[in-house]
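A single chain comes next, written as C-alpha cells; it is the form predicted alone.
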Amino acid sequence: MLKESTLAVAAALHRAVVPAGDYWLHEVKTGQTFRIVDVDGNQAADTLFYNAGDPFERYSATDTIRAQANVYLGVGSKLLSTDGNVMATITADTVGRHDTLGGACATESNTVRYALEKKTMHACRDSYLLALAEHDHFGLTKRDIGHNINFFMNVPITEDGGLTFADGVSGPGKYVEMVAAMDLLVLISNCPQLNNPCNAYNPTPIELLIWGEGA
C-alpha cells in the first residue's frame, strides 16, 4: 500500500543529504518522525536501529518478519527489536516494498556475488565500521552489526525459495517515513555498490529528515 506523508519539508527539525558510500548516524527520539528520501531513485539505504538507551537491544529481522507475517516492509509495518519491543512504525511510504532479507554488502560477499576482484571495492559493512569507530562513545563494535533493513531495495523471493537482486521499484523523490516508538540510534550506510541492479549500477544520494513529536 502506498501512502503519502502530510508533513511539510520546511517544518523538519533536521535535514541531511548523504552521498553514496557515506554513512549517517543520528538519534531519533520517541515520537519523532523520520523520513528517508531516495533522491535520484533506485538507491539502497542499508539501515540499522538500536535502542539509544541500551544499544544491545537492536532491530530484529526475524521477529519483525514473524510478527507481521511478511518479508517485505510497507505502511503499517512495525519494526521489532531483539527484545520483542516495537522500535518504529512505518506511517508513510511511496515505494511499497523494502527488503528485510538481503543484508548489507561486505567485501567478502562481493567476491561471492560478483567476482574475486571486487573484494577491494567499498561496501556497506565498511561504512558501518567507520561510523562505529568514529563514534566509539556508543560502545559499539563490529560484533554489534546485526540485521539491517534495505530501504528501497528490491529482493524478490523465487519460487524455490531463493533470493534475487532485481531492478529497483523506487524512483526519484520517493520516500519511506516512520515514527519512533523508543529513543533510537539510527545508522545508515548509503550503499556504494556499483554492481547491483537494484540501483541500476549507479549509487546516488539519499536525504534524511526528522520532525518533532506530534508533527
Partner chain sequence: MTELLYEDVLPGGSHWSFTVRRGTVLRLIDRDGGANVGMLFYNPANLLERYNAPDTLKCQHTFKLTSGNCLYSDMGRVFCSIIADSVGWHDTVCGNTTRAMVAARWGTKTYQACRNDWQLNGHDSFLVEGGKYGLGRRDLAANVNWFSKVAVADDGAMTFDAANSNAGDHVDLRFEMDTLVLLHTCPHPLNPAAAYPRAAVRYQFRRAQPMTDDDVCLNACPENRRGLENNRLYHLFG
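Since we're looking at a predicted model, the values are computed, not measured. Residue numbers count along the first chain shown, from 1.
Quick note: we don't show the form predicted together with its partner chain, though the next part is all about it.
The candidate site formed by F56, L101 and G162 is fully in contact with its partner chain in the model of the complex, as each residue has a non-hydrogen atom within 4.5 angstroms of it. This chain is displayed without its partner chain, yet in the model of the complex the stretch 152-160 from 167-175, 25-33, 181-189, 152-160 comes within 4.5 Å of it by heavy atoms. Although the partner is absent from this view, H135 stays clear of its partner chain in the model of the complex, with no non-hydrogen atom inside 4.5 angstroms.
Shown alone here, G139 lies within 4.5 Å of its partner chain in the model of the complex, counting heavy atoms only. Under a 4.5 angstroms non-hydrogen atom cutoff, its partner chain in the model of the complex has T111 among its neighbouring residues.
For R97, a non-hydrogen atom is located within 4.5 Å of its partner chain in the model of the complex, even though that partner is not displayed. Taking a 4.5 Å heavy atom cutoff to its partner chain in the model of the complex, the contacting residues in 66-84 are R66, A69, N70, V71, Y72, T82, D83.
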